[in-house]
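Take a look at this single chain, the form predicted alone, given in structure tokens.
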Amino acid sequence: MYSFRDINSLQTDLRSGSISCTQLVNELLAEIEKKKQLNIFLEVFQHSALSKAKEVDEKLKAGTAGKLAGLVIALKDNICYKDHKVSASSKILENFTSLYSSTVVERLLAQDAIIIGRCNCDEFAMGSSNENSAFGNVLNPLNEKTVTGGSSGGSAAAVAAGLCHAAFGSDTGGSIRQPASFCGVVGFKPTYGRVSRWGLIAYASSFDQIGPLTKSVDDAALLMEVIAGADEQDGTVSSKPVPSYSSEINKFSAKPRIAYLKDCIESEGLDPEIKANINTTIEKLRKSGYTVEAVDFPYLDFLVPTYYVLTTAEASSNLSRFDGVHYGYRSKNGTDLESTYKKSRSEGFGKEVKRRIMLGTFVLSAGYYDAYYSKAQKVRQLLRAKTLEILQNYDLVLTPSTPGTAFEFGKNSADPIKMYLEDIFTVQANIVGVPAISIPAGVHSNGLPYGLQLMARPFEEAYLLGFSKQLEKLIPC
């Protein structure tokens, strides 16, 4: 089987004729079947993937192939691909076929990427462990007794297991970076508005962003270069020009000033080994000539509550469209319009999704709107102001990606608060809208990987990726 390293090496091999796109896809299809017990793929797009592979092989021969030629990609099951099923891993959308492709998919296909299938995820992207899918848990390929993280757990696991070359997920509060940390891959969340959300099934519209999961920072940079930029279908997308990230990171020579959040590193919930590793990395950076200083962020305990008040409110609104009438699952037990709504939604949505819809409806309800939703919006502005204040004095902010490594199935399931706290270090970037990345930082004594997170100023993806590539070399693992 072909051993994928990075996009550049792949395309060198494709152009030399030592491998073809058709061979690549056939090998990966066989590998997916061999590892189907991991429950990573909900569906494999065998026919369209092989058809695209044949087309790209012809383009390679003609010298007209795009910059992603031959790259085999998996999609999280909430990113639409025309004439292919998409369900957000929910019973309420089971067997639904998308009528159009997301902007991200269109841009990937235009550059000759090959999409091999859709990956399992937490239902409607709500979860931190991939235990909330209507179609079963995704097993971590590094230890099948542990979770992959969520909600883009299937996408992270697909890359870690070698079932695709790269994958895409969505990140609302850490849903790319947290599973990247648990599976030992690179996970990138762009600035809010850097990538179009057209064709992404919404969870919380002012938080959601699509981003890549890859084996290397170089590959993340090239994929970002392809998918970022203005889109007339999405009014929240920035019209700022998109730099050539893949070129920029190779020219990166800055010595950024780095802040690390003392409150995160000193958090009682942080695994001692991860804490020790982060401190070692900080010392390595200092010895390499970087300024790395501790800063106070006294609002750590406000991050998760603010995130869940606001995102559940937005989810309550966004998910109202799934009513059992227009499309998707419809209960057979409905006797009139009202009972059809009630029973379809009660039967179609899973436990966690219903919990968040009810919480969101509550915080938006009369008498509670000001006490919860309005107050959370004010706290969001406070958190944004404090984060941007830090980023005025420093170029980057460093934190752990997660409090620990991947945990065993069922460990946090009985306590929603404990599960929500798995996102304590990642939600900040979504609340304030800045770009963030998780890169592999080490391997725990339990044999599982963990990541280090970096955040940068809005729209400074090139700077963030450039330094991440330097750091990738500094902490090889």
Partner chain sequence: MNNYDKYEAVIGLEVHIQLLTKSKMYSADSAEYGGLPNTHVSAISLGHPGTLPKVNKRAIEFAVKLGLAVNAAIREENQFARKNYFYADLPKGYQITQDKTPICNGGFIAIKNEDGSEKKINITRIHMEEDAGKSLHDQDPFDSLIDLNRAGVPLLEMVSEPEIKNANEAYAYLTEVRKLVRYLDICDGNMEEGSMRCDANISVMLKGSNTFGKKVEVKNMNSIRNVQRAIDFEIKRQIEAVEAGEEIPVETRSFDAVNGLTFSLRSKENANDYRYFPEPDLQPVIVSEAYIKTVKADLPALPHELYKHYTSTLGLSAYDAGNLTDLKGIALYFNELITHTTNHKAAANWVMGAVKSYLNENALSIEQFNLKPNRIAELIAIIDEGKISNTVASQKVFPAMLEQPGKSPLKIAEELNLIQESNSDALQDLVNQAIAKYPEKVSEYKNGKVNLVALFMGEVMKLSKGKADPKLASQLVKETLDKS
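Numbering follows the first chain given and starts at 1. Please read all numbers here as calculations on a predicted model, not as lab measurements.
Another form exists, predicted together with its partner chain; not displayed. Remarks below refer to it.
Contact annotation for Tyr372: none of its heavy atoms lies within 4.5 Å of its partner chain in the model of the complex. Heavy atoms of Trp198 reach within 4.5 Å of its partner chain in the model of the complex, making it an interface residue. Although the partner is absent here, Ile227 is not a contact residue: none of its heavy atoms lies within 4.5 angstroms of its partner chain in the model of the complex.
Looking at Thr280, you'd find every heavy atom of it more than 4.5 angstroms from its partner chain in the model of the complex. No residue in the set Lys67, Ala160 and Ser247 has a non-hydrogen atom no more than 4.5 Å from its partner chain in the model of the complex. Proximity to its partner chain in the model of the complex, defined as a heavy atom within 4.5 Å, singles out one entry of Ser288, Gln233, Asn95, Ser346, which is Gln233.
A heavy atom within 4.5 Å of its partner chain in the model of the complex is found for one listed residue only; from Phe135, Tyr327, Phe297, Phe302, this is Tyr327. Checking 361-369, 171-179, 289-297, 392-400 against its partner chain in the model of the complex, the stretch whose residues place heavy atoms within 4.5 Å of it is 361-369. Applying a 4.5 Å heavy atom cutoff to its partner chain in the model of the complex picks out Ala313, Glu314, Ser316, Ser317, Asn318, Ser320, Arg321, Phe322, Asp323, Val325, His326, Tyr327 from 313-331, in order along the sequence.
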